[in-house]
Structures are given as structure tokens and as C-alpha cells.
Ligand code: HEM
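Only one chain is included here, represented as C-alpha cells and corresponding to the form predicted alone.
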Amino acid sequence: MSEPNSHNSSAARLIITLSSDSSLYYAVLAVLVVTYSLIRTLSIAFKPGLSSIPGPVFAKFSSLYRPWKLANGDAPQFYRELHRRYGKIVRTGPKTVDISDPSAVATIYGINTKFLKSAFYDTFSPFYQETVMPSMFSIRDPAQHRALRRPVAQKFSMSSIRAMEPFADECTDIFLDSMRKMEGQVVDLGDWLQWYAFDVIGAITFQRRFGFMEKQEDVPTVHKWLMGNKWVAKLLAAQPFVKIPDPLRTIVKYTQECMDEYDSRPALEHSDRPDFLAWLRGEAAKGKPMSERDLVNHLSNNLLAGSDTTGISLRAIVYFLVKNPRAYKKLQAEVDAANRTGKLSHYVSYAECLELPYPQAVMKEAMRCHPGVSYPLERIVPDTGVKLCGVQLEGGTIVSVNAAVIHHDKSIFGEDAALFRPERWTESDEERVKFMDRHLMTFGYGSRTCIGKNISIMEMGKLIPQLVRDFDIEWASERPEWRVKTFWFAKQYGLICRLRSRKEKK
């Protein structure tokens, strides 16, 4: 009995010593915390399955590896280089894996997949009345996503979108008139295409343009990862030294103002409006009410998701055409031929654009070469685990495919996958085109494909033929290339061009 008593007394003396000496207590506590963290880090780093996956050494031990490497805004090149160096499956964090394998795309993102979005997407949820409001894009639960999507899916169909074409036509008029006034001048066409996209989505959603093209002003932005955080947003808003705009809160506030203005007017003024707000209010009048929160959610999400991606894609189309004169002339010749035979209206309709094979191929190829979102689309491996690229991954592992990487896969798009070549879509056989289509991730994939895809395609399909029909566009920058910074969106800068009017339009 003496031995246990000896242990007990030793433990008691240790507790008394620690309680009487606070500095020693905190020192021991710190050692225990560090030891626990080290053991946990090492156990994850060398976990069976994950430990066999190649990748940078630092990535095994810390989730800070990716933010550190991505801080310069060069995500596409970073991930392509990782896969060139390590292969189809690369470990990019303690429990994070990036994949570039055609066979894995449907498994991870397919219609009936059990792979849910990771917590990363929470950073894109705005706040409404001081609570987080997950959008159709950021919401992670599939059942909640379906419930949010179901009431508005009809309005995003292509038949509904075609009824909204006049909104795009109004913006096209302003855009083309502005280009005529600046004919021969050096123009940052990238800014104008962004303004166009914003004004179109504003008109489609609220029958109200933002007026960016008339004012020739850009949109003030702060990175969503910062302003999407409630406490960071509050802290920045409270500090008295400089006024910092919060785009998420600003868009939600703007949405509420548009709704209040709509409700303040007589119902007869809204009877023929085809915009989203009028449609949703009309559905409520027919006995299909929607909560005020969901109304704000859908309408603000239109603005948040429907402007940047379209602006990026429009810039990509123009850039690759200007940088590839042969493709530019071929597209322009097809547009001119259709125009001379009366197949194009004054405002090119979306239906007419679909009958122009080469412009359609150019659009698709530009978005393949420069997807608007060039970050990995993170998903969580379900509890049952999965085998990808020959490696068994347990539930909870974060896996992802980056469109900027898979779109350069030679086994899918050919040996010249890194090049802009629209002919790959017009000259390949039907099965090859279908195979390439199945691996395009420009608008996401599967059930989480961007619901606003049709709006974006409609805008591009109408504007590009009209732009090349009316103008010759040439590169006018002192730099040989544009600049791209990727922080989720692959935002381009320096699309400096000069436009000259053409006679062919007549």
C-alpha cells in the first residue's frame, strides 16, 4: 500500500506546487498544449492513405501552406505546376487533396454525389438582419439547396431568359454608343465589359441599371473573404479613420431598397414587368408566397453571382480573339455572312447566335482557357470513404478539382490543350465533343452547376456578334499581355484596346 500512497502524495505535491506558482502552471500547460498539437499534427501528417499521396512537405503539416502560396494571386499556375510535378493526385494540406483526373470529376461532382461542399463556401454567405444568409451557391446541405432552388428554377430556364433579352439590348445600345464616341481612342475594354455585365444583371433583376456605363465608374470592392466575415466587417465599419465599402452588405441593402420601392408603387405599374423582382412578387400573388429573407437571398445572389463571372468571360473572349487574329477574322467572317443574308437582327437574338457555330466555339474555348473561377471546388469525402486515383481516402478528407487544371488536361482536350483553338469544338467528332463537354467546369458541375448559367450565356451570345459586326478591335496596351489576379475569381486587368467602326454592319 505504501507505493500507491507515495504516488498520490507526489501528485498532490505537484498540484500544490503548480497552484502556488502561476508561472510554472502556465509553463506546464503550454508544454502540454504544444505536445498535444504536435502529436495530433504528426498523426494526421502520417495517416495511412494520406501519407502515400505526394505533395509539398510543408503541406502535410499545416493548412497554412495554400494561403501562403496563393497570396500572390497566381492560383491557376500554382495548381498546374503541382500536378506537373506530383501527378494526378496531390496533397495540398493535412486533410486536403487536389485531383486532376477525368474519371474523378463525375464521382466528386455528379448529380447524385454524396460529396458535400466544404466549410470554405461559408465565406461567401452574406448577412441579412445580423444573421448569416447562405445563398444558393454557398449553402452546403443538399436538401436545403433543393428547397432554395425549387421555387425559382423556372425563371432561370432558357425560355424565361429569352423574355429578358430586351434588358440586355438596352445595355448593348449604351455600350456600343459609348464605343463609337471613343472610336480610335485607347480604351480599357475590361472595365466596360464589367460595367455592361453589372448593368444587364441589374436590369434583369430589378428593371433598373446600376448606371456604371453612363457614369463610367467602377464598382468598389473589398475581398469577400474579409467582408464576408461578420466580425471583420463590423470592425472595419466601426473604425473611424477610413470608410471601407462592404460589397456583400451593400448588395443586400440595395436589394432591400429595390424591393421597398417596388412595393411602394401601385400594382398596375408592375403588371407587364418581366424582371425577377416582379416575377417573384407575381408568384406570391398567385398563392406561392416566399419569405422576405428568401426574396432578398435570391435577388441579391443574382447580383453577386451574375456579374463578375460574365464580365470575366466576356473579357476572355475579347482577349483571345484580339490575340489570335486568324480566329478573329474567321469569327467576323461568319458573323458578316449571316448579317448579309438577313440572319441577324439589329439586336442579335440569342436564338440567332446559336446558329453561328464558330462564335459558339470561340465562346466555349475562351471559357475553357480562362474559367471564371480558377480555385479548387472543395468537397468532403462521405463517411463511407472513396478510392480516387488508386488511393483510399477516408470520410472527412477534403478533395477538389480545379477547372483551370482539368481544362488543360491533354487526355481530354488534346495535345494542344494549353492553346486557344476554337476548332477543337467544330472539327472533332461528336463523341469527342461530348467527352470534352462532360469535363468543362466553367459553370461548376452536376447539381451545383451555376443556376445563372443561361443568363451569362445569353449576354455573351448577344454582345460578341454585335461587337465584332460593328467594330474592328486591336490590342493597344504597352504591355504584351493582360494581368490576371486570382482570388477565387480569375480577374483580368489591362485589356487595353482600340476600336474602329466598320462599314460591314450596314
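Bear in mind that the values here come from a model prediction, so they are computed numbers and not experimental data. In case it trips you up, residue 1 is the first one in the sequence shown, and so on.
Note that the form predicted together with this ligand isn't included here; everything after this is about it.
- Of the candidate stretches 78-86, 333-341, 424-432, 136-144, only 136-144 has residues whose heavy atoms lie within 4.5 Å of this ligand in the predicted bound form.
- In the predicted bound form, no heavy atom of residue 466 sits within 4.5 Å of this ligand.
- Contact annotation for residue 156: at least one heavy atom lies within 4.5 Å of this ligand in the predicted bound form.
- Not displayed here, this ligand is approached by residue 452 to within 4.5 Å at the level of heavy atoms in the predicted bound form.
- Mapping the unseen interface onto this chain, residue 487 falls outside it, with no heavy atom inside 4.5 Å of this ligand in the predicted bound form.
- Annotation: in the predicted bound form, residues 96, 107 and 382 none come within 4.5 Å of this ligand through any heavy atom.
- With the partner omitted here, the residue from 367, 348, 356, 258 that has a non-hydrogen atom within 4.5 angstroms of this ligand in the predicted bound form is 367.
- Of the residues given (92, 313, 172, 100), 313 alone sits with a heavy atom within 4.5 Å of this ligand in the predicted bound form.
- Residues of 288-317 lying near this ligand in the predicted bound form, listed in sequence order, are 301, 302, 305, 306, 309, 310, 313, the criterion being any heavy atom within 4.5 Å.
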